[in-house]
Structures are given as C-alpha cells and as structure tokens.
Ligand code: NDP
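First comes one chain, alone, set out as structure tokens in the form predicted alone.
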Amino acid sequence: MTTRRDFLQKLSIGIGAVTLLPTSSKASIFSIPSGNEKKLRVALMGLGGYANIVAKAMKTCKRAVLTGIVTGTPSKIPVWKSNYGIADKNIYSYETLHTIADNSDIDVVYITTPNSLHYKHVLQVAATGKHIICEKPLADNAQQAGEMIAACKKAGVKFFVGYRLHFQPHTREIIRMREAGEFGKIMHVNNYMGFKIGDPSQWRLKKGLAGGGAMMDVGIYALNGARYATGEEPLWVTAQETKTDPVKFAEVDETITFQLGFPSGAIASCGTTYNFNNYERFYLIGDKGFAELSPAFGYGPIKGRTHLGKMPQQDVIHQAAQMDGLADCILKDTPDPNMTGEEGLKDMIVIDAVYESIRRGSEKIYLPAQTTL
C-alpha cells in the first residue's frame, strides 16, 4: 500500500533538481515590433491537428514566424511546404533531428506530439541547444517534468509550456483584477472543462500515448485556472472518478471531479470529462465581487462578466497571441513565469495527487510546499 510518505518521497525525487522560483501571475505584455525588429523563428515538431492550428494562427503573428517542421510522416511534407513555404533545409525527421543544432534558421522547437512523447522529445531537442515550447500537459508526471526542466537548464536552453490562455485578454484582466484586490478575499473557485470525445481509436484514449484521459488533456485547464484565480498553490487535493463506459475508457479516465484547498482558506471545486459537451466554465467568488467566463478555456470566443458587468475585452487568435508573447520572452530574455517549464511542473504535481487520491478512494492528499504565484 502506498502511504502519504511514499507519495511525497517519490514526488520529491522527481523535482529535487528543480527550484520552484517565486513567480508573478502577470503574463508578459508583448510589444509591437518595428519593421526591422528580429522575429522568433519556429519549427513545429509533430504535424497533427494542433500543429495545423498553430501554423495557421502564426500567419498573423508580428513577432514569430514558422520556418521549419519535424515529422515522422513524409507524406505531409509537400502540403506543409506549399502552405507555409518551408524550405527543404528546414525539414527534419525524428532521426535527423539532432542536425537541427547547426540550423541558424530555427530558434525554437514547438513540440506538439502526443502527451507521453513530450518527455522524450524535450530531452532530444534540449540536446540540440534549441529553445523549447512544449504543449500541455508538460509530461506524464511530476518526476518526468522535473527531469525535463533540469535537462533544459543543463543545456542552457529556455523551456516554456504552451499555456495560451495566459496571453488571452479576458484571463489577463481577471488576473489583474485579482492582484489589484478588486474581488477582495477569494472564497471559492468553480472550474470545469470537458467534451464528448469521438473516435475510439484515437491516441487520446491510449494511455501509452496520452498518459491519462480527460484530466491530463483538458482538466489541466480547470486546475491551472484555479491556481491563477487564487494566486496560490494548493495545500491538499481530493478527487473522484466516474466511468460509465469501461470499454471506450479502458485505458484512461473518463470523468473526474476534484477539490483543492489553498493556504488562504479558498476552496476550488473542479471537474473534467470526455463523456459530455457544454462543460466549460471559470467562476471565481470573492467577498467583494466575482468573475465568470463561459466559454472559458477553448479556442474562443471567450465570453465573460464580473460584478462590474460584461467584460469588454476583445477575443484574439489565442495561438498567435501566445507565439508573439513567447517571442517577446525569448528574444528579449524576459521569461514569463507563467509560461515556463516550472509552471507546467506545478500543475503536474497536483495532477499526480489527483490520481493518487483516486487510487486511495478519494483520500485527501497533502501536497509538498510550493511557492505561491
């Protein structure tokens, strides 16, 4: 039987080489470049559905430009060359990836491969000396995430996680209001994110590629949202799993609800699912006001209101805002603390505890002390 001490010891081994630095919850505000300002040159690694979304969004970027691709499917190459003008010398397979080290046309590799490949691919890219953006979730668990961060530090490369919402105007305004005390003392957070998943043969339903189910894929939005809603790191976690289709969800979780307790006394009640639609909301309650986003975590349009009324912020192309923002971070050497590998690790620590609580019959899991936002 795994004890609480065993869980914390295993967790500390995984993150022992990593210092979780104090962070600000303000996302970096990127500047509009002049015509002569350098652009961040990006290679996408893994040309699946999300890579296509990122690539299309980058056509509107001011600070970042797509210059390369890494793929294990040669048949995709002609389409990407045609659509995005990728030069032959900037096209790599997984076997030739090591040679990207000598390519001055590429500054950073954005890894959008299936979740359980992130660990392997981050270590591969770090060894080439290129900066890295890794799509969420960062890894399968906190131990892997800690090793990835350590490898990037050893290689001297910048390491970011693809939390696009930290550059989304509604989210940024809620964080600003919370930091300014406009909600007062945060009392409660109610976040959920999920959808009815389709094709039963897809990689998201295979543990060997996905690492987990709804919790890893979209539950992480509810979790990360609870952390920036409070500006704190949770002290404890409890969680429950429901599985109505044990055949389709034989390898991964279907529906999970989880609760978080924070140092200030705030409580978050969150949920995630792969079994039904119309399940997407961010709701923050303070003793002086509230904020609600619904839809809250998808690609947009995001819609919100607070105790002051409807939020007037315009939605943006999320991936374009993220890439321009990260270009600012990398080119100006001003890393955004809410986009670094350490931020991704903090979520993985909590996700590990969610699964541990479920394994122990919804037992309350106490977390190791982490630096607050």
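Just so it is clear, the structure is predicted and the values come from calculations on it, not from any experiment. All residue numbers are counted from 1 along the displayed sequence.
The same protein also has a form predicted in complex with the ligand, omitted here; what follows describes it.
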Review point. Hey, with the ligand in the predicted complex, do 187, 223 and 264 all fall inside the 4.5 Å heavy atom range?
Key: no
Study note, to complete from the structure: Only one of 239 to 247, 97 to 105, 116 to 124, 276 to 284 sits within 4.5 Å of the ligand in the predicted complex by heavy atom distance, namely 116 to 124
Check your understanding: At the 4.5 Å heavy atom threshold, is residue 162 in contact with the ligand in the predicted complex?
Key -> yes
Exercise for review: Look up in the predicted complex whether residue 79 has a non-hydrogen atom within 4.5 angstroms of the ligand, and give yes or no.
Suggested key: no
Check your understanding: At the 4.5 Å heavy atom threshold, is residue 73 in contact with the ligand in the predicted complex?
Key -> yes
Point to revise | Distance check, residue 290 to the ligand in the predicted complex, heavy atom within 4.5 Å | key: no
**Study point:** 254, 233, 135, 140 - the one with a heavy atom within 4.5 Å of the ligand in the predicted complex
**Key:** 135
Check your understanding: With the ligand left out of view, which of 204, 172, 178, 130 would have a heavy atom within 4.5 Å of it in the predicted complex?
Key -> 204
